[in-house]
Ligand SMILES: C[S@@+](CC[C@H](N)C(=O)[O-])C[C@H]1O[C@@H](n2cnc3c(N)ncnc32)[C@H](O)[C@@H]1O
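We begin with a single chain expressed as C-alpha cells, specifically the form predicted on its own.
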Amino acid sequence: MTTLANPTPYDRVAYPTTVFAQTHPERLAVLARLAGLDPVPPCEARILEIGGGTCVNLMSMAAMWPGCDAHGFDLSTNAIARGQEIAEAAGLGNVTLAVEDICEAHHRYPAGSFDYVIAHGVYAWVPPHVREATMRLAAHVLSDRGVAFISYNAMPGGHVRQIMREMLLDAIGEIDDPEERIAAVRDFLESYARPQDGDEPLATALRQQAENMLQRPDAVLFHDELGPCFHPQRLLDVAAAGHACGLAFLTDAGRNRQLDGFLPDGASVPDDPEAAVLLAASRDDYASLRYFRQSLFVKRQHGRMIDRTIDATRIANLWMSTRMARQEDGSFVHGADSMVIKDEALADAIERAAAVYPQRVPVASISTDPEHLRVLLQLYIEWYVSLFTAPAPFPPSPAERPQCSPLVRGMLELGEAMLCTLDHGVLKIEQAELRALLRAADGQRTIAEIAALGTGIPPEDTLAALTACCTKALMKV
C-alpha cells in the first residue's frame, strides 16, 4: 500500500461514504445490454472504484459476488484504513484497497484490467489536471467489454451552485476550524433560505437551493460546497474528454435519464448517432436546469457498435424486482407516485412479482409480448421496476444453517448501525436482539441451535425473525 505523507481535507473531516445504487455494476450491465453490447457478468467481473473513501460501496458489491475481484483506492489514509478494517472484519478476501493518487494510479493498475470502473463524486471536485487524469485512468484500465461510471455536478445547475458557493465562502471568511466553518455556513443558510417579498425567480431558486443544502450532513457541506475545488461540467465537455481518451458515451445512470444515450423511439438513425443523442441530452440539461449527471462510457472500438435504437425485447432475458403495490381500485403505488397498468394480465404479473420482493423473477415470466416489455422498460426508466442480469444473491427463506452476509457480520462486529444489504442498500439496525441474531447466523448453526443461544428473541420467533432478515436481503444464499 502506498503511503502518502500529506493529510487531505478528507483526513480532517471524514466524508460519509455509503452505497450508491446508480454505480451498481448490474445497473451498468443492463444499460450496456440494452445498447446491444455484451458486458461481463458482474458476478465474475473485475471492479475498480476510484476515490471511493472507505470503499464501502465497493465492498457491498464484493459481498454480493464472492467471485468478483474488487479493487478500490483513495487519497485519504484514514478512509482507506477504515475500509481495510471493515473488509478484514467481514473476511472479504476478494477486496483490495490502497492509498493512491489518481495521477499515479495508472502505474498500479495494468491496461484493460477492469470490467467496471466507478468514479463517483470525484470528477467535478478536483483540479483540472486530476480531472483529466481521472478520465485517462478510466480509459486506461477499462476492458474491451467494460463500462465506466463517472458522476459530476452538471451545467446549467452548476451555475446556481456556484453562486451559492461564493456566498458561503464570503460568509465563513477566514474561519479555518471545520466545526466553526460548518456552523457559520448553517447560520447563513438558515437566514438566506427565508423567502423575501419581491424575490425574483433566480433568488427563489437560490433560496430553494439553500433549503436543500440545509438537509445535507455537515461533512457533505464541508467537502461538496466548501472544498478547494468546484468545477461543474457540461455534458458535451465530459463526452469530449472521454472521446479524447478513446471512450464513447453510452448513456446516463440516473432516474429518467437511462435513455439519454438512445435515439427517440421510432426515429431514423442519423450519420452520427452519438453526436445526436449528446446534443439532445445537453439541450434537455439546459431546458430542465440539470444539476447532476452520472455518465457511462465504453471503449470506442472498431466493430463494436452501440445500438442507439430502443429495443425493449432486449430486456426479455433479464430478471426483475419491484415494490409496486396494487391498490383496491387496481392502480399501483410506488412511494408517493401512483400509476395505472391498463393491461390486466400484465398488472396481475407485476403484482405477483411485487409479492416476492426483494426476490427477482425472470422478465420472461412476466411477459414476452413486445408491448408489455415496452411498458416494463418505461417502468424501469422511472425506477418503479429494477432490472438485473441474474437471480438474487440472497435467499427467500432461511437455509437449514442460515448465514448472514459477511459484510453485515463484519459491520456488526465493528459496532456499525448502518448495514449494507445484499441488494446494495443500507439498513439501520440498532435492536440488540436482532444484531445478536444476525451475528449468530454464521452458517455453522442450525435454526434450532440459534434459537437456543439466548439472543433475546423468543426461541419460537427465531424462524420468523430469520425469515424477515431474508426479506431485507441480509442473508447469503
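Residues carry their position along the shown sequence, with the first being 1. Nothing here was measured: the structure is a model prediction, and the numbers come from that model.
Another form, the form predicted together with the named molecule, is not on view; read the next lines as being about it.
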_Quick check on residue 101: any heavy atom within 4.5 Å of the named molecule in the model of the complex?_
yes
_is_contact(residue 308, the named molecule) in the model of the complex, heavy atom dist at most 4.5 Å_ = no
*Interface membership of residue 121, the named molecule in the model of the complex, 4.5 Å heavy atom rule*: yes
*Determine whether any heavy atom of residue 130 comes within 4.5 Å of a heavy atom of the named molecule in the model of the complex, and answer yes or no.*
yes
_One stretch from 336-344, 70-78, 237-245, 83-91 that, in the model of the complex, holds residues within 4.5 Å of the named molecule by heavy atom_ = 70-78
*Would the named molecule be touched by all three of 319, 322 and 358 in the model of the complex, meaning a heavy atom each within 4.5 Å?*
no
*asked:* Please identify the residue among 285, 224, 218, 369 with any heavy atom within 4.5 Å of the named molecule in the model of the complex.
replied: 224
_Position in contact with the named molecule when the complex is considered in the model of the complex, options 97, 126, 138, 253, heavy atoms within 4.5 Å_ = 126
